[in-house]
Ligand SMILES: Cc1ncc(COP(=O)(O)O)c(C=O)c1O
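Only one chain comes next, encoded as structure tokens, the form predicted alone.
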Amino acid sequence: MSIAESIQHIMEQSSWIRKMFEEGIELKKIHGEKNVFDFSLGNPLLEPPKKFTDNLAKLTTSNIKGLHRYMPNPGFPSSRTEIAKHLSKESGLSISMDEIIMTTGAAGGLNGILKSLLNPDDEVIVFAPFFVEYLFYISNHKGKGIIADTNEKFIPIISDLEKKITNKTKAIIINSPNNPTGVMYPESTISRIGTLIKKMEKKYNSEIYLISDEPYRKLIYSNEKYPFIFKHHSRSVIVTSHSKDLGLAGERIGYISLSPLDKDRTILFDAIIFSLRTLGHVNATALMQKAVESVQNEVVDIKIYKEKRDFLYDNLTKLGYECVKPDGAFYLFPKTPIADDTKFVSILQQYNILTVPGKGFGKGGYFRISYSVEDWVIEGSIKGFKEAYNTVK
């Protein structure tokens, strides 16, 4: 079939998670569902809070006039107002509904932002390891993805970032807590990134946006306060979804928040709305906007994910695996005990354990485990993790 070469190339690059998913299906046919330990997909396990489902039930039988019609492109004013209030409380800044755009998930939001910002061959920097779709979103809007490095704890290396910023840099994307590592960037790092951006803007007489992708912002296991980016760089944008914090991955509901400190936010606001329309995301779904409106303080039961993290982390490190303990999200990103992460992932498959090689996230020598799975999957896998480790040691 004669498909675009660019799409064919991207499909080949993005095949790792899909490959593991399909191999899992085959293994389950052979060995049975309960004998295969599938950690390949980052699919939220926990069900939405009761307050959300109660809201949704009421909405489906309500006769609110105009509920199912078109609304203003940024979304219902009531939904945007509630989210702005919640963000203002979280961030300590005064955010209004005029800085909020409801979106079809974080992916829809990111594409709208990038389409609004990028000229052909503009550069967008991401930190390895990264959610692989970032590079596809960037190239989809004629930009060029540039990869900056992180240290052994997966925190951005500021000196490397400085080398990667050029006169073509238009944006930097951060993802914290991070997929695939679960690491949350400390406020000191965000501050240093903001300071560096200002320095490089002066050097190149340019404007660089800091974009924070935050679907795991509320899945944090400590009492440490989440470091919002707005106070560290005025040209900044938050994009998030309720896929993880409310367990609504299938509903594709999220939002964009522009910094109230960005003097050009009104222009960017209008540009994003137009870009979303051209991408086919005319509005986020009406029912979901209304359903999440009054549950901004709700979150799934984080302690369940924390218990899974602790059990898996403690057991793997006892076996000899090296791993940075995640601050949030629901992923572990251990080092592979051999240099070839693809080979080690194949060895794990021999013990019916499905994971994803680190090269699929731009960082070879590691592998990703999604512990958003039932307890029996985690508990049943430990013997196989041990035997795979001993095979190569």
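Keep in mind that this is a model prediction, so the values were computed, not measured. Note that residue numbering follows the sequence shown and begins at 1.
Separately, the form predicted in complex with the ligand exists; it is not shown, and the next lines address it.
Inset, instruction - Considering only heavy atoms, tell me if Ala107 and the ligand come within 4.5 Å of each other in the predicted bound form. - result: Within the cut-off, so yes.
Legend entry - Tyr134, heavy atom within 4.5 angstroms of the ligand in the predicted bound form: Residue-level check for Tyr134: yes, a contact with the ligand.
Legend entry - Residue contact check: Ser259 to the ligand in the predicted bound form, 4.5 Å heavy atom: Heavy-atom contact with the ligand at 4.5 Å: absent for Ser259.
Inset, instruction - Report yes if any heavy atom of Pro215 sits within 4.5 Å of a heavy atom of the ligand in the predicted bound form; otherwise report no. - result: Judged by the heavy-atom cut-off of 4.5 Å, Pro215 is in contact with the ligand in the predicted bound form.
Legend entry - Candidate from Ser241, Ser79, Thr181, Ser236 lying within 4.5 Å of the ligand in the predicted bound form - any heavy atom: Filtering the options by heavy-atom distance leaves Ser241.
Inset, instruction - Name the single residue among Lys85, Arg252, Arg265, Lys231 that comes within 4.5 Å of the ligand in the predicted bound form, judging by heavy atoms. - result: Flagged contact: Arg252.
Inset, instruction - Among 276 to 284, 243 to 251, 153 to 161, 184 to 192, mark the stretch whose residues have heavy atoms within 4.5 Å of the ligand in the predicted bound form. - result: Answer to the contact question: 243 to 251.
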